[in-house]
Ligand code: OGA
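Let's start with one chain on its own, the form predicted on its own, as structure tokens.
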């Protein structure tokens, strides 16, 4: 569900309530201008500081991870909780996690996120965010950091109806647009960008630990 652009920044409680309502009713929500300005500034600063540390993103997890240029061509840099400059982002996502657990009983246990850069021509083909055979990623979050972005620059996020090829929504990567969706339910892709495209992707995870596996890892 795509809500109208927020004419004034909603307070945190109201914003979280909108997110919870969208997830409960539709399983996804798109909020143009939804990300608070201080978090945009925080994440743009992190992008600037990390620009020499980006590396080609892989597919899969752990020892099974590999690079597949046919599937994705973006570059990423993981956001570390210990980074002082990331504190506002970590605090906000922690508050959101607590709110969603109280209101929707999602059992969210942790959050991880990375900065992403799509150079002209880069893309990410249709995929699910949940790892194959696992259900640790419960909720995905995406937001955008380019100060200006036009239709001609491409790079849209396309979210598909679960189990079908039908497009539910196509999201233009405009500054501060906030997108959340259930990780295991919604296939999605990033269309080729024609300009450098800056974004952040994150995942709220459940505790998937067992007697033989610590997940998420410490």
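No experiment lies behind these values; they were computed from the predicted model shown. Residue numbers count along the first chain shown, from 1.
Heads up, the form predicted in complex with ligand OGA isn't pictured, but that's what we're talking about next.
**Q** Name the stretch: of 185-193, 33-41, 160-168, 145-153, exactly one has residues whose heavy atoms fall within 4.5 Å of ligand OGA in the predicted complex.
**A** Correct option: 185-193.
**Q** Against ligand OGA in the predicted complex, would residue 197 count as a contact residue? Criterion: heavy atoms within 4.5 Å.
**A** So residue 197 counts as contacting ligand OGA.
**Q** Taking any heavy atom pair closer than or equal to 4.5 Å as contact, tell me whether residue 75 reaches ligand OGA in the predicted complex.
**A** No, residue 75 stays farther than 4.5 Å from ligand OGA in the predicted complex.
**Q** Is residue 127 close enough to touch ligand OGA in the predicted complex, meaning at least one heavy atom pair within 4.5 Å?
**A** Yes - in the predicted complex, heavy atoms of residue 127 and ligand OGA come within 4.5 Å of each other.
**Q** Does residue 111 reach ligand OGA in the predicted complex if we count a contact as any heavy atom within 4.5 Å?
**A** So residue 111 does not count as contacting ligand OGA.
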